[in-house]
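The structure tokens that follow cover one protein chain in two forms, given apart as structure 1 and structure 2.
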Structure 1
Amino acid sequence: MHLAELSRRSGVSVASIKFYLREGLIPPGVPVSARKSEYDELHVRRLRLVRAMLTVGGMSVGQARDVLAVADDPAFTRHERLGIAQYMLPPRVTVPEPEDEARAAWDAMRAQIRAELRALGWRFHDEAPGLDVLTRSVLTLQELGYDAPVDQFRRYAEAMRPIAEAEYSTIEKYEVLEEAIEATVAYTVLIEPILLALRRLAHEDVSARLYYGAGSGSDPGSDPSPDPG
């Protein structure tokens, strides 16, 4: 198929597809002649994935490009490609420079968090960006005057582990590496909002339970919150 049909099939404008091609988010079509290229189902699929990463996943074009570049690079092992793709997914966080006065506190907190998780028997790379995310969040909470929830990590970590195991077994089913990587990216990016939304709904449930009493079954109806639009 040509550009126009790719656009129709994917719901993305021709101009935007050209933009994604320029940015390296989707591979070029195979040039069937000097001024004509052919696109296939993989392009449609990739385009949909890109749109999901950008809109639902909230990723930037640059982040999406980096992730997909690694995912497409055959120069790594399966384990590496899956791991690297995951490493490059957002959020990324800015670490204070070594000469920054805040760096000492940063390093101390990061080491503490790392030790806490290692004490749970978790194995992960020392440079895992997740450690930086944890450090930044905890330090920011502290700056706002709240207790560091490092001591609650056990609870959070134990809640996440069975989820990760179930998801991993799902992904392991994909034998073709390209499919496994796409599944990793898709699940990582699209299940995150699901988890967060469920946490918020759980908060609402806990709150409603305390507010309206423990009687079950009935819902709060339209009482507790006016429309926030």
Structure 2
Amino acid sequence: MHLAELSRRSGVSVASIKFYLREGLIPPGVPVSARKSEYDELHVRRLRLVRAMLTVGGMSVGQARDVLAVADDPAFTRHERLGIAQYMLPPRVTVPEPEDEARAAWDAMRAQIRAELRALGWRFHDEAPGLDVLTRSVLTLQELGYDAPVDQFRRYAEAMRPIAEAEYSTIEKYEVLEEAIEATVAYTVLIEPILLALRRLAHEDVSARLYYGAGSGSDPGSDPSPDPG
């Protein structure tokens, strides 16, 4: 297919495709003349992945290039190829420098969190960005004077594990690597707001039950009984 057809098939503008070509995010087409090249389904899939990483995942061009370098290297396993895509996704936090006086507290908390999750049998890399996000959140809660017991992670972790298993059962259906990475990016970025929204609604439900009484009918936020007629 020519460039215009590639644009139509992928939903990516011609200008963006040319930019991705210049940046090495997609491989060049097969030249058929001095000014034209032919593209195929591999280019369509790669464009979908690039668009997912840049627009949905919020990655920089450099980060996307790093993901693609791993994806194209047969020395890496499928687990590593999917993992590098997730590691590049936000949020990412700044770790205190070794000479920073806050580094000792950071290292101690991170080690405690890591130990709690390891005790559950979880397998993850010691440099996983998620550990830094957890560490920063817990330390900030403690600095503000709030109770943030690390052992509470066990309940959170037990709730999250089946969710992750269900998502990866879907991701595993994508045998083509580019499609699996795209699905990983989409599920990571787009499902997280759903989980957060459900948690906030659950907070509202628990509060209503505490202060109005479950099923008391006095809750001003409760829906009226459905009209059977």
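Residue indices: 1-based, along structure 1. Rigid core: the largest C-alpha set superposing within 1.5 Å between the two forms. Keep in mind the model is a prediction, meaning the values are calculated, not measured.
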{"property": "Structure corresponding to the form predicted in complex with the DNA", "result": "1"}
{"property": "Displaced residue check between the two structures: Leu198, CA, 2 Å or over, core reference", "result": "no"}
{"property": "Gly145: Cα shift of 2 Å or greater between the two structures (core-aligned)", "result": "no"}
{"property": "Thr188 C-alpha relocation of at least 2 Å between the two structures, rigid core basis", "result": "no"}
{"property": "Per-residue Cα shift, Thr77, between the two structures [Å; core superposed]", "result": "3.7"}
{"property": "Once the two forms are fitted on their core, CA shift of Arg51 between the two structures in Å", "result": "7.6"}
